[in-house]
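Only one chain is included here, represented as structure tokens and corresponding to the form predicted on its own.
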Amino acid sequence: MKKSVFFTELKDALMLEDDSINESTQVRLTSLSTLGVIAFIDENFNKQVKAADLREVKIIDDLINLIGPENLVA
């Protein structure tokens, strides 16, 4: 997946209002956004993550490392 598409779709899953997000954008997960991110990862990367896996995610780069940076292209 292209990084630009990843950021756009992730913004929706995280329910962020800010138009520009990048690797250093802080992530504050609620129960609803956690479910959205889990579904986003499953649908787009065919990876199953649990809510516990997302507890360590502080910034978008943490999420990219969880998904696998090799799954994103510039």
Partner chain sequence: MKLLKFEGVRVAGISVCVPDQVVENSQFGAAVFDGEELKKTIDSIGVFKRHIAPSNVCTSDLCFEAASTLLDCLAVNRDEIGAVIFVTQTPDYHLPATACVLQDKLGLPKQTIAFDINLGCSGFVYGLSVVFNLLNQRTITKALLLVGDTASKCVSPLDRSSNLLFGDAGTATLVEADSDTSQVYCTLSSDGSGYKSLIIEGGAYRLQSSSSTLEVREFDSKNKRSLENLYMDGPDIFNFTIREIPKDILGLLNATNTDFKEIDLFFFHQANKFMIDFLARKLKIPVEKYPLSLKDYGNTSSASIPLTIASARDSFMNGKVKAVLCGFGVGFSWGTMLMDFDGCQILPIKTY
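Positions refer to the first chain, counted from 1. Computed from a prediction, not measured in an experiment: that's the story for all the values here.
Keep in mind the form predicted together with its partner chain is missing from the figure; the text below concerns it.
Using heavy atoms and a 4.5 Å cut-off, decide whether 9, 20 and 57 all contact its partner chain in the predicted complex.
Not a single residue of the candidate spot has a heavy atom within 4.5 Å of its partner chain in the predicted complex.
Proximity of residue 38 to its partner chain in the predicted complex, heavy atoms at 4.5 Å
Flag for residue 38 set to yes.
Does the 4.5 Å heavy atom contact test between residue 27 and its partner chain in the predicted complex come out positive?
No, residue 27 stays farther than 4.5 Å from its partner chain in the predicted complex.
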